[in-house]
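Quick setup: one chain, the form predicted alone, written in structure tokens, and binding and motion questions come after.
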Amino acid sequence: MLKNQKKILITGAAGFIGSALSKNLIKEGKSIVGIDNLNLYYDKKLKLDRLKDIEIFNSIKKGGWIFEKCDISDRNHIFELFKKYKPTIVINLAAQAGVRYSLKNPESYIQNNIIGFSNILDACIKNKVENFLFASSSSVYGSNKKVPFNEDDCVDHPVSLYAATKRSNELIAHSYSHNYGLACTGLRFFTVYGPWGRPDMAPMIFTKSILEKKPIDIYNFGKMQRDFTFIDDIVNCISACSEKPAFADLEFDFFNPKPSVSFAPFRILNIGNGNPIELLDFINILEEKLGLKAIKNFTNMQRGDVKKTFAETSNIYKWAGFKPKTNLKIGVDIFLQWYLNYYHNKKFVSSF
């Protein structure tokens, strides 16, 4: 560990966002403890390779990275690690991900996203953590028709169990913030893409299918929009929020819009590009850059899915000065460079 540094504990450190955030904080000279259970929801090799990439980067930067294998639903192990490392800042990114998978294996979402999440919160309270950030999701907005999605919109009608657990995280965190004074910031991520991405997400699925000349299932007959947000923008925003704990806002409390006796040090913030794109347009960009046509299989709406995501981002700009900087076509170039190198050992020549 680096001396005289606030220690940052990141759960889900071998995941897509967690691994990118770890490297970003190492670059900033931060002292990081990463934990992950390395589960088999998707290819474990990808998670292990992300960890190798972090370790190489850490050795180059002479950083303070430490990794511990741990499942956040293992309460005793979590408390041991908090006692051992005494983190000042905790960023909880560990969760059972995936909207569609929640229809097949709901138990995993309760175990990880509810029980595991509460274990982390309890450990934060017991160890007097100064700042707690946690991953929420644009999925909590469900089928809201008002766009763009604003943080004070009603989100009480989730259409998937995954979204329900993320909304539960927000409610649980608020109660801890209110009762124990824990500074909590919930970050609603919007369709993150980029290098080292998740194989169950659209950019990876579409790219793999196009290259292998296999059909792509396009739900709702293509009438879908997503607010694609590049990974670097996401981690830069998380990093900025890690430096600014939520405080009690005397003007507005997301859960108590009318003045009350006390206000929790609590924030919910959208992190998105603020520029939704038609799913078919996204596929067209991939086709153009790969020089291949996709085989499209148009089909009905998938259970638990939503037609559109669109982030209203003025609050995150006011709070942390965050504005997305990565143009979609440039972001897709960077993603494809990584994808072809990692999976096919090929170089990608940008068409942008």
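The structure displayed is predicted, hence computed values, not measured ones. Residues carry their position along the shown sequence, with the first being 1.
The same protein has a further form, the form predicted in complex with a small molecule, not shown here; the description that follows concerns it.
Q: Looking at the small molecule in the model of the complex, do all three of 36, 73 and 137 come within 4.5 Å of it through at least one heavy atom?
A: Looking in the model of the complex, the three residues 36, 73 and 137 all sit within 4.5 Å of the small molecule (heavy atoms).
Q: Scan 235, 224, 97, 121 and let me know which has any heavy atom within 4.5 Å of the small molecule in the model of the complex.
A: Of the listed residues, the single hit is 97.
Q: Let me know the one among 50, 30, 308, 289 whose heavy atoms come within 4.5 Å of the small molecule in the model of the complex, would you?
A: None of the others qualify; the residue that does is 50.
Q: Considering only heavy atoms, tell me if residue 166 and the small molecule come within 4.5 Å of each other in the model of the complex.
A: Flag for residue 166 set to yes.
Q: Although the small molecule is absent from this view, report whether residue 102 comes within 4.5 Å of it in the model of the complex, heavy atoms only.
A: Residue-level check for residue 102: no, no contact with the small molecule.
Q: Does any part of residue 172 reach within 4.5 Å of the small molecule in the model of the complex? Heavy atoms only, please.
A: Output for residue 172 is no: heavy atoms all beyond 4.5 Å of the small molecule.
Q: Looking at the partner-bound form in the model of the complex, is residue 162 within 4.5 Å of the small molecule by any heavy atom?
A: Taking the distances in the model of the complex, the answer for residue 162 is yes, it comes within 4.5 Å of the small molecule.
Q: Looking at 205-213, 145-153, 274-282, 183-191, which stretch has residues with any non-hydrogen atom within 4.5 Å of the small molecule in the model of the complex?
A: Selected range: 183-191.
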